[in-house]
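A single chain, nothing else alongside it, follows as structure tokens in the form predicted alone.
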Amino acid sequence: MNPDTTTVTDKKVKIAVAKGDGIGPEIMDATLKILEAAGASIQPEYIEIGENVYLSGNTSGIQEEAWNIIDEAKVILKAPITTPQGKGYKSLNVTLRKSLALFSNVRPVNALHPYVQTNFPKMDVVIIRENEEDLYAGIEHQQTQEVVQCLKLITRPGSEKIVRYAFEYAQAYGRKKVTCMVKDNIMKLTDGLFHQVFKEISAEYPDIISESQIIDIGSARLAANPENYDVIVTSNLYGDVISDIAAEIAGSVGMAGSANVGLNVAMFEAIHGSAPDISGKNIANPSGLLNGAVMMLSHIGQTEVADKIKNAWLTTIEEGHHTADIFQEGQSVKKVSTSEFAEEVIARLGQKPKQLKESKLASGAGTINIPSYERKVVDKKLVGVDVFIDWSGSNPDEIGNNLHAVNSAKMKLKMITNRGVKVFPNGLKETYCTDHWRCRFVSSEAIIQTGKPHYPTVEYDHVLTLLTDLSNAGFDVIKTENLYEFGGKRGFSLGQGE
């Protein structure tokens, strides 16, 4: 996003506009009307995406023509869409985020006390969520009758981009602190990488306070004391959860906008759904989409217009002209429709709020810069293999002894885990075991006594020989994971109790 103050010129910026489904067309019409009245220098190029495209037989929910318009415009303003239930229909939101490399989801959450009820009147938090990887890669397999798995993918390039974006955002918008939320006390490699990258990049921004919290206690503290947070950066799943927590406790789930930002394309939207139950009734609150549009104007450099709209919107909220979702007897002045709310905002263009915090996007400090990723070369050494076996027995000693009996000259069994807990050798009889056994094999020359183990290099041919020997012995091998050292550091997790 670009908070530079830019004078609006006669040259209009092309915007790919999707009116969406349900209440989408109503709130988009209201939003565009406000943008036009405020003098936003944009040229909408309409695209059809969502339910009608799905139902026409296009399971992606988006047509080729829409992709072409997006490729030209590079900016999307999208109303909520409906994903029909049933097989074959994938989330268009996920498709857009991944296909366009929209790596950063930015969701500001502000309290609007006392006009919108909340217990936290000073809340002003920005959640910056990694948007492309983590468990949302959606790579899942059923491996045995009893066990399914989902792969959690965290990459250094992805972590560097999102963490850098968080600090650049804080610097550009005058934020004072960035908090990283992870679970690296358990997921030491995946979340450990994210946390390590945070430490590395935070050192480059000495004027911004940096802190890290474990996601479970961090979520609890966010819910209890949100005023202690400024910018939060985290991975995909955690960010999905805590951004909804933040919006809920602010009291304004239906009024928050969000940005999905990539290096080349950005998409702006409301965080709520298409609400088909109130579609066509002219009662929906357009505030979420309008706030997304304000973020869009800031992104394309039209920050003065963005402030003009945001301050008119805040003034409208202050003066009690509220749609049905936030209307309070005794607090609100008038219940207004979707179109009437837009007219009230337009009537207040040029005004500033008296109680709520004034928008000052035009005072931003500069452009957000994300450098290209530079891959460092490190030594990679194969030191073993985890062989996953489908076995319906329940006695770890039985499978362990049977594996020891397999005569594979170059590799030997080090341990067996079940659901991550070491069960052989010397496991506890109380440990419950499923039919999914991780069997770790290392070089037959490995020294694995107590203390730091030494793992000699294993040739891949040794792994292939081992797998052949296991198959010949009647073991049902369902998958393997090679064990590597990178730059002399272990690139695999230990079993609990190993």
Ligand code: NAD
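So that the term is clear: the rigid core is the largest set of C-alpha atoms that superpose within 1.5 Å between two forms. We number the residues from 1 along the sequence you see. Treat the numbers as computed from the prediction; the structure is a model and nothing was measured.
The same protein also exists as the form predicted together with the ligand; that form is not shown, yet it is the one meant from here on.
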Distance check, Val423 to the ligand in the predicted bound form, heavy atom within 4.5 Å | no
Hey, in the predicted bound form, does Pro276 get a heavy atom within 4.5 angstroms of the ligand?
-> yes
4.5 Å heavy atom contact, Gly239 to the ligand in the predicted bound form | no
Answer for Gly254 alone: is it within 4.5 Å of the ligand in the predicted bound form, judged on heavy atom distances?
-> yes
Of the options Glu343, Asp71, Asp216, Asp325, which one has a non-hydrogen atom that comes within 4.5 Å of the ligand in the predicted bound form?
-> Asp325
Find the only residue in Ser210, Thr118, Thr82, Gln171 having a heavy atom within 4.5 Å of the ligand in the predicted bound form.
-> Thr82
Can you say which of 393-401, 294-302, 221-229, 267-275 gets within 4.5 Å of the ligand in the predicted bound form, counting heavy atoms only?
-> 267-275
For Ala284, is the C-alpha shift between this form and the one not shown 2 Å or more after core superposition?
-> yes
When you overlay the rigid core, is the Cα of Ile154 off by 2 Å or more between this form and the one not shown?
-> no
Comparing between this form and the one not shown on the rigid core, is the C-alpha shift at Leu413 2 Å or larger?
-> no
